[in-house]
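Here we start with a single chain on its own, the form predicted alone, put down as structure tokens.
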């Protein structure tokens, strides 16, 4: 009986989802590659691309399974699968993609405190705040054990010095989640910390890395800054 009830609810959810998508997904977005140029940020979007993002954000379906109190959809895994299937059936693109949703968001959901969740997750689920990743470095590549960007603990703040490279979308990002070395006196795979800071900080600068085709999707990011760790 319980299994029958659950399946009936999922069938109803599918019917409602199909009707909602039919009514709300712009016709111009129902084709492969419709939003290929702007999957990660809303900053340069306009027209139906922006409308689709905003409509899905209002529904909570930018992050369908995240809790509703952070702007997510509160869907179960089974419901999310149905949503994806129904979107695929009309060739509707995901409203947003990128590291905000796949990396920093899930990390905050699992490891962040409530203040951090309330501060950062709604910006992701609304598509208004874009994040980039500060992992790779010029002399370490993606070998994180050899990263050299230093963060000196000064009690209520860190002083951060170093550089990150191949940073996807840094030119569009509002915030960076970054790995830094806070203890140089331990095994190199240890002594590494995870910090968050706004890209508007005066100690952050970046230089686009131009590819042979003329495009510049990556940047080198330079850090000479302090990050506050405790309320003053």
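These figures come from a predicted structure and were not determined experimentally. Positions refer to the first chain, counted from 1.
Below: the form predicted together with a small molecule, not depicted.
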Does residue 218 reach the small molecule in the predicted bound form, with heavy atoms at most 4.5 Å apart?
yes
Should residue 167 be counted as a contact of the small molecule in the predicted bound form, where contact means heavy atoms within 4.5 Å?
yes
Taking any heavy atom pair closer than or equal to 4.5 Å as contact, tell me whether residue 116 reaches the small molecule in the predicted bound form.
no
State yes or no: in the predicted bound form, is some non-hydrogen atom of residue 97 no more than 4.5 angstroms from a non-hydrogen atom of the small molecule?
no
Of the listed stretches (68 to 76, 105 to 113, 84 to 92, 136 to 144), which one has a non-hydrogen atom within 4.5 Å of the small molecule in the predicted bound form?
136 to 144
